[in-house]
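Only one chain is given next, in structure tokens, and it is the form predicted on its own.
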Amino acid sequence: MKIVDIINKKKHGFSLSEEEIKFFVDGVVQGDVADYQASALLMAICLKGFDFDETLYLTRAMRDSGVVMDYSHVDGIKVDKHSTGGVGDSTSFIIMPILASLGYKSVKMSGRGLGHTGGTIDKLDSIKGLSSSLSKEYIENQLNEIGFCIVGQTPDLCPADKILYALRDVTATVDNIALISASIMSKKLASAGDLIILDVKYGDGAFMKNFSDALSLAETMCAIGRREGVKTIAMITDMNEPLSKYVGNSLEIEGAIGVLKGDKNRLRDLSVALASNVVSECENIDYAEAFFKVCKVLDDGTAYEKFNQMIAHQGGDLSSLKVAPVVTEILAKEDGFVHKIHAEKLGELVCDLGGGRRKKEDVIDYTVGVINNVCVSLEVKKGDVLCKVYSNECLSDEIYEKFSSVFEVRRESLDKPRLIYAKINSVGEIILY
């Protein structure tokens, strides 16, 4: 078997066999397939497409390119969660403690961010002393004692994905549903337990800009999970405005803590919906009953206590959280209703302040960010504070205007936008909201 023959086959639109795809992935990891050859095949996949079987074969090969974690001997229902990313998305810090409070076990392996979406581990890094690099023995101990942990992806988990994603990032081959699905699901299946819940974002601040692409991605990933014997459910959720009013690493930790302490907002609503769907599926109970159980441990402080236990067990000190000292208020220039909060633009501006990375080597400033005072559909008056920007130096007039342009205020009123658009249950049924 030769890699050039595999490239040529896909170039002409033919489907690749499981053996051919495994040969390609193994060759990438072992260094037998050159970067330019791997890039050529990735581009051929983007141009000619991958059918479902090919996507499944790629997922399996990438999963098996490294260590596959096994926590089957740990008591309790094991759950994993993944979000496709967005602005102000800190649901993991709420969902995981909720599920642990209900007896579930979760090992959430996350990454560091590149660009405007940030990464779960970057947010944790804003807590002094916290370690996200834990041994398997330490993880198992924490699972038994607390019920969950949030850790960085280990180097030996899906090494093929690291290599292929780096190539996709520089060859304009990122935006392909088959490649995205294989990348996400290979990592989820390499550390999966009994159920995976996927939060697939769509809209201005998400990777998927339209509903049909988000639904297609969710369907593909759920189907892969089912074929591999893991219950997989998904929700298609809104990212046409930031999920939380807190944007920025340490600020997003504070926003999640606020929800755990009782704040009622979009971040809480989505976290409760995601956790309730997990409980409904795993315990075979109706959503209303699951919703009641989830809200109980959230409202009585049990989930907040679980969060504190996780932080302490991983060495973190929540009192170390800091925000940048210079606070600039962005004011409304006219009366009206907030029609749009450009989530991606806001995320990019926080990145420009130092709150994200343009290159992997960039050093993040965990203290900078934004707290929004408004949401879409809210009425404002001229001079009202739209948001507060936290930075380490005064904003220039140019940067102030860029933050101001994030918010579109118009005279006409509008309905509050939906938060959840659809759900895919564990047997693949699509429920539209």
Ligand code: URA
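Owing to the predicted nature of the structure, the values given are computational and were not obtained by experimental measurement. Start at 1 and count along the sequence shown; that's the residue number.
Keep in mind that the form predicted in complex with uracil is not shown, yet the notes after this line are about it.
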For uracil in the predicted complex, the stretch among 176-184, 230-238, 122-130, 92-100 with residues bearing a heavy atom within 4.5 Å is 176-184
In the predicted complex, the one of Tyr71, Tyr138, Tyr165, Phe291 near uracil [non-hydrogen atom within 4.5 angstroms]: Tyr165
Might Phe337 be said to contact uracil in the predicted complex, defining contact as any heavy atom within 4.5 Å? no
Taking uracil as it sits in the predicted complex, is Phe211 near enough to touch it, meaning that at least one heavy atom pair lies within 4.5 angstroms? no
Heavy atom within 4.5 Å of uracil in the predicted complex: which residues of 207-245 qualify? Phe207
